[in-house]
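The data below hold one chain only, encoded as structure tokens and taken in the form predicted on its own.
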């Protein structure tokens, strides 16, 4: 039997957005979680130098693996050997690699709902059962140790994301520690999606590796150069595995994915030392975040998830529609502002939510707000009149 996988609806909105742009419309992209900025200047220069000097080939950079291992020591106080670091073509293959190393078909893996669409769909592709835990305002849209502990039977695995997509919420250190304790006690393997680390607007996010104990419970960490490093198109990510899974990960990555792009690896190594430039991107996101938060009353959006990190606003539009996909399509066609429908991230209640990315330029965010204010007012009026 072939696994049934639901579509990623935001990509359909994205395709329509690019079609409209090709026809001459002025389109603002707030549907995808990708920075509007490019790779750091020094990283681009390094890539140019490699193009002039090397033919390229199947290659995994030892220097980059060592640099990533050093990053965990410097940033989190965690010792990771370079042999535990596997370079991948972005975070998505890293996630598939982690799933295939940890779980057999029919395994049960818990995750928050709302959550990133590909978690659910990748698991179903591999015949792994997603166990989605509803997480709302009371839980700050994140899995809690109590909810995980209450699952009977206990799941085989857990996916955590902090900051999370689509909500931007961050798990507090004490809650992260409590989740790790439940996993250790019940033998629950953990995949920690940390691709938005570095993108927080208060305290820094914690790595699950800071709470991993040497008790046989596997903790795997997924990360990427797409978000903080502003290198989405370079397709470079990594997976950190415990020592016991090094051989399993090496066998799978060689057969399924080979190596990430050579240019991206050279550029990524340099990008680690471009912190001032990357911090300027974070300052831009913080400014855009403030603009959107200030505009929410004008848009009539009263209920949102607290955007502690990443670059998203997860907003309740249930007072205007019960069909977020149609809502996003009409918003795009009428105003040129592309947003992501909530049904991707929450198959139960996502019909009444949308996700707005504020990773665009400040000028684009300002323009999008002005376009949306009048349109949202008309939608609220239509909903009040029962004509939507």
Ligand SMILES: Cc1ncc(COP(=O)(O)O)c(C=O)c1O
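In this text the structure is predicted, and so the values were computed from the model without any measurement. Residue numbers count along the first chain shown, from 1.
Absent from the display: the form predicted in complex with the ligand. The rest refers to it.
Engineer: Of the options 235, 124, 108, 186, which one has a non-hydrogen atom that comes within 4.5 Å of the ligand in the predicted bound form?
Structural biologist: For this set of options, the contacting one is 235.
Engineer: Looking at 87, 219, 195, 97, which is the one with a non-hydrogen atom within 4.5 Å of the ligand in the predicted bound form?
Structural biologist: By the 4.5 Å criterion, the partner-contacting residue is 195.
Engineer: Are all three residues 167, 201 and 305 in contact with the ligand in the predicted bound form, where contact means a non-hydrogen atom within 4.5 Å?
Structural biologist: Not a single residue of the candidate spot has a heavy atom within 4.5 Å of the ligand in the predicted bound form.
Engineer: Which of these stretches, 276-284, 116-124, 259-267, 171-179, has heavy atoms within 4.5 Å of the ligand in the predicted bound form?
Structural biologist: After filtering at 4.5 Å, what remains is 116-124.
Engineer: Is residue 227 close enough to touch the ligand in the predicted bound form, meaning at least one heavy atom pair within 4.5 Å?
Structural biologist: Within the cut-off, so yes.
Engineer: Answer yes if any heavy atom of residue 128 is within 4.5 Å of a heavy atom of the ligand in the predicted bound form; otherwise answer no.
Structural biologist: Output for residue 128 is no: heavy atoms all beyond 4.5 Å of the ligand.
Engineer: Examine residue 210 and determine whether its closest non-hydrogen atom to the ligand in the predicted bound form is within 4.5 angstroms.
Structural biologist: Flag for residue 210 set to no.
Engineer: At the 4.5 Å heavy atom threshold, is residue 144 in contact with the ligand in the predicted bound form?
Structural biologist: No, residue 144 stays farther than 4.5 Å from the ligand in the predicted bound form.
Engineer: Given a 4.5 Å distance limit between heavy atoms, list every residue of 240-270 close to the ligand in the predicted bound form, or none if there are none.
Structural biologist: Residues within 4.5 Å: none.
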